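What follows is a single chain, given as structure tokens, in the form predicted alone.
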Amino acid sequence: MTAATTTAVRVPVDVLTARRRGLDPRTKIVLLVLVSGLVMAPGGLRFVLPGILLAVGLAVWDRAWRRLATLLVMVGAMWLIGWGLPLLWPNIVTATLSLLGVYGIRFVTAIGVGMHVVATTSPTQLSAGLRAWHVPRAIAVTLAVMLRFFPVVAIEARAVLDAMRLRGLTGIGGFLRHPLRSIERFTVPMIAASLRAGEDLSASAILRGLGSHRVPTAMIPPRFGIADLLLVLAVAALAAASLLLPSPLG
């Protein structure tokens, strides 16, 4: 198992924190599916602002200030491309780019809620929640491994970028000077690291009994609590407001 994989095992969740805040993993899964479906559906632009407010509220609740800053920067960039530039500089180029911003802000909304799920849900909690729903074992194990895979890949990507930075291949200047070499030096190590991480995580999952036919016992059984009720009420209030009030995004 690589050092990056070992580090990532500690990253996603503090079990004690999850117990204290009490959000059931099933609530988070339903929330992610609901928000993604609403903002991606036709006419889903009116649900973007409530979705962003929800993602911001979850980041504040978790005290994840870096995630909050990243989310706000992404939202601001998409708003500038989608609405700001066409107003400041109306032409065919900005009009075309505005389509990218209009659809990009929908993805940013779903990603904002998804970041909360990834950051606060451990594979063990996810597996326990899916078992409570009687989800087939093949799907539950696959989702649990995927939940661990993305943070590991992000750590590997940062390591590759650090190595490229030492060779002057990062940034816009480095990419413009050596475009093919930059792509090669990033893509090839990432493919190798992803394959190695997948093998390590699969071995770790087998050792933890995810492939066993016996039903494992969860240390923290999933239960709905007051935090889930408050979240459902907040989502219902935001959905009602988005339906009754005019959308500022059009």
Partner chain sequence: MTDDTTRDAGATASADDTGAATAADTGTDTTTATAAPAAATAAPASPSARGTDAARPPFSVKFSARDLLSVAIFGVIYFVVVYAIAMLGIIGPLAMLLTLPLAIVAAGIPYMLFLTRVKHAGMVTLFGLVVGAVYLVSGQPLISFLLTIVVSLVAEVVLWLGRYRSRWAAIWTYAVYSLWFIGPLLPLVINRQEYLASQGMSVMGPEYVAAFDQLFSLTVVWIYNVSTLVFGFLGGLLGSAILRKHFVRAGLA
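Here the structure is a predicted model, which means the values were calculated and not measured. Positions refer to the first chain, counted from 1. Rigid core: the largest C-alpha set superposing within 1.5 Å between the two forms.
The form predicted together with the partner chain is left out here; the points below concern that form.
- Across the proposed site, Ala41, Phe107 and Arg214 without exception bring a heavy atom within 4.5 Å of the partner chain in the predicted bound form.
- Taking a 4.5 Å heavy atom cutoff to the partner chain in the predicted bound form, the contact residue among Ala77, Leu143, Ala159, Ala132 is Leu143.
- This chain is displayed alone, yet in the predicted bound form one of Val56, Val30, Ala203, Ala64 has a heavy atom within 4.5 Å of the partner chain; that residue is Ala203.
- Of the heavy atoms in Ile111, some are within 4.5 Å of the partner chain in the predicted bound form.
- At a distance threshold of 4.5 angstroms between non-hydrogen atoms, Thr70 is out of contact with the partner chain in the predicted bound form.
- The closest heavy atom approach of Val60 to the partner chain in the predicted bound form falls outside 4.5 Å.
- Contact between Gly168 and the partner chain in the predicted bound form is not found at the 4.5 Å heavy atom cutoff.
- Heavy atoms closer than or equal to 4.5 Å to the partner chain in the predicted bound form belong, across 173-202, to the residues Phe175, Leu176, Pro179, Leu180, Ile183, Glu184, Phe186, Thr187, Val188, Met190, Ile191, Ala192, Ser194, Leu195, Ala197, Gly198, Glu199, Leu201, Ser202, ordered by sequence position.
- With a cut-off of 2 Å and the rigid core superposed, Ile29 has a Cα displacement that falls short of the cut-off between this form and the one not shown.
- Superposed on the core, the two forms differ at His178: its CA moves 2 Å or more between this form and the one not shown.
- Fitting the two forms on the rigid core leaves the C-alpha of Trp79 displaced by under 2 angstroms between this form and the one not shown.
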